[in-house]
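Form predicted on its own, single chain, as C-alpha cells, below.
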Amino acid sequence: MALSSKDRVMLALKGKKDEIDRTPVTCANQTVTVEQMDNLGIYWPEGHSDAEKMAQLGMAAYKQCGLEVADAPFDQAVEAEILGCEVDLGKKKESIPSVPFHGYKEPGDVPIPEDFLEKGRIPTVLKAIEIMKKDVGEEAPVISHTNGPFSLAGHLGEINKILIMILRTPEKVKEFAEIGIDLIADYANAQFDAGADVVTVEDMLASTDILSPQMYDDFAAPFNTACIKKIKGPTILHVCGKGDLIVESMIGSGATNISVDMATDLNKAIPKTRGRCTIMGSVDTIKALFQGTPEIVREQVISNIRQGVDLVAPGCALSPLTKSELIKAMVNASIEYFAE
C-alpha cells in the first residue's frame, strides 16, 4: 500500500528510513506564496488573522504543489504580540509580519497575561490547525510553529539592544529568554491539542549570522532545551545560519529533528545526528527556489538526498515570491530519483 505524505514524513522524522519508499519533501517553516494566494483568491494580511483563510493558505503548498506539509502560522510575531509588542502585519500580499518594537528595558516590564492562550492571534492559529487537520490531516502532516525563547527575547528586548546586553548585562538577556520557556511550551502543546502532528520551534534570531557559536550555547541552547523538554509531541528545531557550527547544541536540545539552512555543511552536520535525531534541509531558498530553475532545484535535492538528509526541505521559510513550478520541481526530484 502506498504511503501517504503524512506517514512518509512522520516515519522519516523518527529515523525509520527502511519503512519509507523515498525521502519526503516537506518544510519546517512557512510555505505560502503569492501564486498560491492568487489561485485561492485569499491574501495576506487577512490570512494572518482569519482562521479559515489561514487554513486554506496553510494547505496550499500541499494541494497545489505536492509539498508534503500543511502549516500555520506564517510569521514569528504571534507570541510577541500577546506580550505587548507592536506588530506590523504588512499591507501587501507579499509582506512578512514584523515586530517594529523598541523593546522593554527590563524583563520585569513584560506583561504576561494568565490566559495568554486566549489572547491575540493564538485562537486563530489553533482554529486554523483544527481546520487543516480535518481537511488534509489523514493525507499530510500538520506542522505548526512557535518562536524559540531567544528569538522571543529578541522581540521583547529588541534584537540590537539584546546583542548589546549580551556584552554588558548578560544575565538580563537570560531573564528575557526565560520568559519564553513555559509560554512557548504551553502554546506548542495547545497546537498539539488542536491537531498538529509536529511543532517547529523556529529560533531564527539565534542564527549564527547573529550569534557566535559560544553565544548560541550560552543564550539560546539552554532555553531551547528547557522549552522542548516541556513539549509533549515531536518537535523540529530550526536555526538559520551555519548549522554545522552549533549542531551538537541543536541535537542536545532533545528535538526530534533539526532543520538546517543552506549555509550548513551537511557533510559535517549529518554524521553527528546519526542515532540521536534526524535532520532536514537544505535547498537554497534564494539561489534555487527563488532565483533558480527546475534543473538547479533538482540538482540540490539530489545532492541533499545523496548526502543523507532524512527529509528534503527548503533551508528556511519560502519567499512569498517563490514560483510554484520550483516547489513542484523540488518534490518531483525526489519522486523521480527513487523511481530510477
Partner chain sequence: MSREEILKQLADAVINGEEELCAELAQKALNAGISAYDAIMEGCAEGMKVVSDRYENCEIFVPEILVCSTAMYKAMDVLKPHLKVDKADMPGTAVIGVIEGDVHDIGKNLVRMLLDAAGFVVHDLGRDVQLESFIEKAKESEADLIACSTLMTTTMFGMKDLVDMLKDKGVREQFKVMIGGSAVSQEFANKIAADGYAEDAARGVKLAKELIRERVRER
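Positions refer to the first chain, counted from 1. Keep in mind it's a predicted model, so treat the numbers as computed, not measured.
One more form of this protein, predicted in complex with its partner chain, exists but is not displayed; see below.
291 is the sole member of 39, 49, 291, 307 with a non-hydrogen atom lying within 4.5 angstroms of its partner chain in the predicted bound form. For the candidate set 117, 251, 163, 110, a heavy atom within 4.5 Å of its partner chain in the predicted bound form is found for exactly one residue, namely 163. Highlighted residues 80, 85 and 281: none comes within 4.5 Å of its partner chain in the predicted bound form, counting any heavy atom. Contact annotation: residue 265 falls outside 4.5 Å of its partner chain in the predicted bound form, judged by heavy atom distances. Residue 320 belongs to the set of residues with a heavy atom inside 4.5 Å of its partner chain in the predicted bound form. Not displayed here, its partner chain is kept clear of residue 181 by more than 4.5 Å at the level of heavy atoms in the predicted bound form.
Its partner chain in the predicted bound form comes within 4.5 Å of a heavy atom belonging to residue 213. Here the chain stands alone, but in the predicted bound form its contact with its partner chain, taken as any heavy atom within 4.5 Å, falls in 96-104 among 121-129, 141-149, 195-203, 96-104.
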